[in-house]
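The structure tokens that follow cover one protein chain in two forms, given apart as structure 1 and structure 2.
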Structure 1
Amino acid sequence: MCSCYYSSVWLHVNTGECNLASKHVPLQYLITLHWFETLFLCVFQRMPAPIRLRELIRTIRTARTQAEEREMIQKECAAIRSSFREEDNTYRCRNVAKLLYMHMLGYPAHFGQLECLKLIASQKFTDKRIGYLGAMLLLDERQDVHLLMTNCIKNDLNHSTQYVQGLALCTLGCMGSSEMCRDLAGEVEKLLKTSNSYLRKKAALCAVHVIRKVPELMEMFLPATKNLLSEKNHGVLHTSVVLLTEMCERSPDMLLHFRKLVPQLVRILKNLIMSGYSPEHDVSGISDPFLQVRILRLLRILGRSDDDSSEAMNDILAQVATNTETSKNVGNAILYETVLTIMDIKSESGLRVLAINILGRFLLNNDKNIRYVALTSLLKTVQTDHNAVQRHRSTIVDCLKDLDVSIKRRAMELSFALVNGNNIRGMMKELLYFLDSCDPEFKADCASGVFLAAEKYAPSKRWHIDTIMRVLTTAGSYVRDDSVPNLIQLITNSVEMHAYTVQRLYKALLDDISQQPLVQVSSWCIGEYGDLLVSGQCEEEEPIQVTEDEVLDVLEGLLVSNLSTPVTRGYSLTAIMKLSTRFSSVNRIKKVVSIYSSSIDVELQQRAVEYNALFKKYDHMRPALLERMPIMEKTASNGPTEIMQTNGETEPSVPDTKHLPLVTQPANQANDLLDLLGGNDVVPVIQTTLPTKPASAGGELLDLLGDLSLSGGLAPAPSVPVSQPPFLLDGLSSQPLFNDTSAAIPPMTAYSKNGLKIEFTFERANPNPNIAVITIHATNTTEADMTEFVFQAAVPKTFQLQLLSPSSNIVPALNQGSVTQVIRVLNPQKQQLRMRVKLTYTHKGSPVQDLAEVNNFPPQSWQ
């Protein structure tokens, strides 16, 4: 009975008739009817339609907390997922769009990937539009389903509607994988030849993408490029130029092939400039700046290292450079590109000067972006067009005061590149002022740059020391750690400035002990030159009156201060110890040292214990041990902001002040001949005190020991890497410029036995008279080669020896060649040179070994 009733309700509802109400049906009847209707709807119809995209966006935006938003998203995602499961074509598009929105908010959307594919495959344009959008957002080439798009894209590339084709080209061109590109390159090539400019321009950029992904496919697009530049349509022209640029950048052959297009490009550019107002492409009075810039860039690539092409574009570049309106950013964008092109091709000098002047004008522009771009470009050209850039030095220096961080940094780099012997004083003033006031992020680089520049171009030692002092006192905590040893070396080598230096450093310490590098350098100096300090010997300025106790107070203060790092404490303890031979208040020093022998800091403790031992058991050695440090050999510094490549691999000449200073044995021990090979059991502090001055022209390195040789200008070319031995290993000596005493020393035969003869030739590599450079020449008069030849040497304790690599280890038979090897001997005490040599080699299959003494050194080699 119920079911009959039910079926009659159905009938009524279905036919839309609703006569019941007009028949004065009782209310209960109507309510029951309504109930059945709802039941019917729930059972026989689907869930309500998914909410619209805009509505979802609105709803999500009302969420007040992240948690609330997440809840809404989860709910909607669940609904979308079930909708996807039902394979509902109607709402797929809407659901995917919502998913893309949620994806943008940061929520996962991977379950929509396949749905995007289905949308792409649909015939409806709306579906395709959203489908391709979804593909571009969710389906990059890392996804497994990415390749499944290929067929759809292929079909759509051949679609009858250009907008569908456009969608496919766009998707392929933005994110097609290499496989996809390989599969579809042919279709793209076809479309590149179509007359439909809407498709042609897209195909050109698609081709660019294909070439980027699969460079081997470049060839296949070559035929299609034939007439690209004869197009009138700007869109096609622009994308064609991009395509040509890409091809030329990737393949030198293509570059050669397309060079012939230069006249055509010049013509197009000329038309753009000369043509009147074109509403379609006008930007602030300039016709199609995008195209102009791209053409300029292509011209740059084509004109690079080719005289003819460069000449062909000279005129147009000059025209663009002079005629472009500079009041707006767009004009400056074109000028910027023009300048880059001029500087890169083989342009005539007049044009180059014009370009640099444009950059100079840029520097004065109110627009920060333009100033920034100018500084960046000038930095690129400063090496090649140095003099031209120098003319704008004052403007560049003014940029140091700019408020913008990026501009300041560029200006700083450029300023350091412009420093030379002529402008050092003025530039340094500006740079030091900059150092005072700049942000901490700059201070380290600026300080290093100042040290470098000062070292190269300091007009006087006093100026140099003052500059260092200024940096240490103003930016002392930002100075790099390796500056401390470099500075110490510098100070040591400026012998006549010791008193002045120690006095200034002492005064600085009185003011401020928080800046560790300053404190470290100061303590070291006080330890070294404390005697000069208390004796009031300073010539450069008014000597201060200070007593030994005051000095020791300061040093002890460093030891106890919370501001001092462990390294600093080490410096001050050693300094105090050194003063025991320079001051008379030895007892006080003894006391300090003994206190620290129970310090918690292991390093300090060790030092104190050793110094204590020095007082107790080895007091006779103390004066010698704590003697004044010798002059250290100068090496070029290796700061990170090194702009000139004066130095490849430097051997650091760091005096490691943690160890005991150089032990100089008393004279009566010099005659002890040592064991061979390893007999140098004295570990010198300065491992490589050997000179590493570059043998280069220009004299751009300041010789602190010798004359002040100033250079007139920067030597732009990198000089010979310093740490290579100045002598070629085949025995030819390259004549270093400073060499003035080399000629006199005669060679000698050091060893001659069993057919092996070893000759020594002598040179002096540098002004340091303490170093002898000996080149050994080993020759073999027997009929068999001597293989695995090894030459070893040992010298008495007062010498230091360095053996460089041999030219080879085979001494050819019958004097057909020689093995050469360079030995450098440091002989600070000018003792008679003696050497023991050990030779090992294999001759006719059997090993040979021999020891010999060499005593017949000519006197000039060690005097």
Structure 2
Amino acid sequence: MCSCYYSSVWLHVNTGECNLASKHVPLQYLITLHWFETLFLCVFQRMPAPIRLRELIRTIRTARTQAEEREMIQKECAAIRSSFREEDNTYRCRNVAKLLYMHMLGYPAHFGQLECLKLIASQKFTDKRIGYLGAMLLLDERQDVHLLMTNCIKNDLNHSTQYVQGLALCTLGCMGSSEMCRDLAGEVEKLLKTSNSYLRKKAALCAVHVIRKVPELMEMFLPATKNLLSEKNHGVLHTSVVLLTEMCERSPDMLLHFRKLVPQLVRILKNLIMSGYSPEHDVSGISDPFLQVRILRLLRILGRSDDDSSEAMNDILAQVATNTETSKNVGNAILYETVLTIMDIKSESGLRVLAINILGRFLLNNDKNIRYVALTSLLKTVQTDHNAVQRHRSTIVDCLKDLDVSIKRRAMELSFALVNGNNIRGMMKELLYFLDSCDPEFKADCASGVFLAAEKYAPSKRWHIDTIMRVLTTAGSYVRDDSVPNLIQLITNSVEMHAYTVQRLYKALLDDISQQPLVQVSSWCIGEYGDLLVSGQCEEEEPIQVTEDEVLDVLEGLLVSNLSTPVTRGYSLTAIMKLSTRFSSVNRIKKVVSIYSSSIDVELQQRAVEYNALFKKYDHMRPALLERMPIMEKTASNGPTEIMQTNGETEPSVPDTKHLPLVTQPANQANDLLDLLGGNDVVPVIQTTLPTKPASAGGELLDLLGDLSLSGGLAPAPSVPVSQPPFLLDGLSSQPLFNDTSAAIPPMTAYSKNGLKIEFTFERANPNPNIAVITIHATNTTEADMTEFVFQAAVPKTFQLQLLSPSSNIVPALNQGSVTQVIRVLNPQKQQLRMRVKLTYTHKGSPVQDLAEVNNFPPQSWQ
């Protein structure tokens, strides 16, 4: 009525007056009435209903730009926030649903968390459904808000409607924290025993989550698992197998308990295989492949390391492997799980061959994923079933030609694993062909694999050298750093192949100087065996006619080439210097050496200066210094001669170690050394090896000059700062290396146990009285040799310790000899010497390891 009255009044506003209850009303009063009408409508009129979810999706999809989409989302979020503030219960469910959609698009939706809890507490199923979905998406156990819904979940777990119970089980199994799991595990266990299949399968999955969060609650579900496998419903069977698998993986006791279920699982799997067509469970002609895969995984866990369980499942595994259809990807998935199960349990040899044959068939599949899976599985089994995998060698080699890089890499790794003494020639031919044509990313690994395989299975030295040179020619820039010293060692030890090798390398050097490792090896060989090259003494192939000037021209060309690295130039200069004792062109060589005495390359300059000194001061000793290298003993590592450890930082004792590969220890040895050191007040020392391989041109120089001393013994290079390289000929002075003060310092017994005795004798270093030189003498009183003998030592950080190479790694029995090793200890502060030692050796086939601490050093040794 008021609305009609005000409308009638408003009709007369334009006239300036109106008849209201037979009275004239002024215009100002009419305007006031109009303002009151507008205010009334704004306050009491109902707000429009929010748009539906489908309309929001349709609107967002019409956005042409990201900015336009963000504007739509922000506008809708503002409307949702306003609705939440007004406690609008009518459209809360709709707003939360839209909020979840925006959350799925990546926009923030945290302000709807409490609204989800309100929907969960609602009595309407539609509200609960959206509320629980929102809780699973917007909440997790890291937020305290989720604890507020514990009581609601507990009430819903006891609800009379199974769908509400299912919602609560899904939510608890998705984001329940350990506290919630402890509080609600009893309700889950009750539902696990119910006769309702719908609830049992959800309760089983929820129990899996409870066990993962609170493993000690596992025993609570043990009684409920007894009848789970008797269920006919496949959904319950599937979730039951998942629950049993989780329990077996987490508890050895549960694993032993459930092994008695193997016959029942075998029976279920057999029924699945033999059952006819069932539209409810059929997938591409196979009955419930998901359940089959789960059962196979559980059988693999139960049969691992158990003979009885493995024997009980051998027959069913053979049936699955032979009766499963392979034309569909579903069948391939089941066969793959079958293969993994056969390989993981103690299966019969015939069954393992069958499994490997299945993987061989996978290699012929057009699906790249299946081929990759087959190669990966064969790579894992090649060590245990080598002969069975060898039957598929040709198929594996064909995979090297695949366009997929992942398949090519797996095929390459498996091909190297298949190499043995019988097929080395054929496999190397294929792998070298692959090395020629493969992408650069494969060349380094392939070259490394060829090196290792050739070293292990080479049928002859010539074949070995030809193979390595082929790799250097093809992929020289991609080979490992230690390939150069390894090949040099191989050539040095193959005395009968010297002329053939130097001729082949000289030819390769004329063809290509871009492959630096090949150039370095060639330079070294020409310097060592240049006289054989010039004389044409090669018997393996037709000798070439080369003059001395031609050889020197090639080496001088390397010195000025832009392709040569500083290391390569060092090799070339050293080779030219060596040829001064093999060629007659000594004056030309002197000129070349003198030119590089002023080189801007400090490394090259120092070499040239040293070589000039040889010509001028020690020319009578030059032939002896530059004679051919002796045969090198093979060692496990190619490290520098000595390594000084100072306050935990490694400092090379000679200036050229930057070109030498560092000595590395296996992880277990490194850990053992840390165990030996104990605290933070000691400095470990890395065990060094004999100088058997020149790893760079600097290494060659050390090999030539490092063994020189007038006393005739081994004179290791002095330890000096790297910033001031030592003059390498300083050791040629007539001053003795050590003072003869051993008689003044009494020897001592540092260790005596189990027939092994370690004695220390002492000397003082002549140049530096702060350095004590300790020589250990290891003797063996038992009747058997002690092999693989290793002595390691550590001192406090105030000391510096240098451990040289031992004379041998075998301590002879019955005191028939001894092993000696020199230790240098720098003690600038004249503190009392303390040392921890670690002894490792093998005695009568058994490894022995012992630790000892030596604190009773004579005062003369450290004062």
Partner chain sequence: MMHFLLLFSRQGKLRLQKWFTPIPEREKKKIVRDMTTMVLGRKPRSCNFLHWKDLKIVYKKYASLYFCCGLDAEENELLALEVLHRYVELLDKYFGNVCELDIIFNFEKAYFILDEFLLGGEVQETSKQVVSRSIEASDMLQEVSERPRSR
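No experiment lies behind these values; they were computed from the predicted model shown. Think of the rigid core as the biggest set of C-alphas that the two forms share within 1.5 Å after superposition. Reference numbering: structure 1, starting with residue 1.
- Taken from the structure described as the form predicted together with the partner chain is structure 1, whereas structure 2 is drawn from elsewhere.
- After superposing the rigid core, the C-alpha of Leu625 moves by less than 2 Å between structure 1 and structure 2.
- Superposition of the core reveals a Cα shift of 2 Å or more for Tyr132 between structure 1 and structure 2.
- After superposing the rigid core, the Cα of Lys591 is displaced by less than 2 Å between structure 1 and structure 2.
- After superposition on the rigid core, the Cα atom of Glu853 is displaced by 27.8 Å between structure 1 and structure 2.
- For Gln165, the CA shift between structure 1 and structure 2 after superposing the rigid core equals 5.8 Å.
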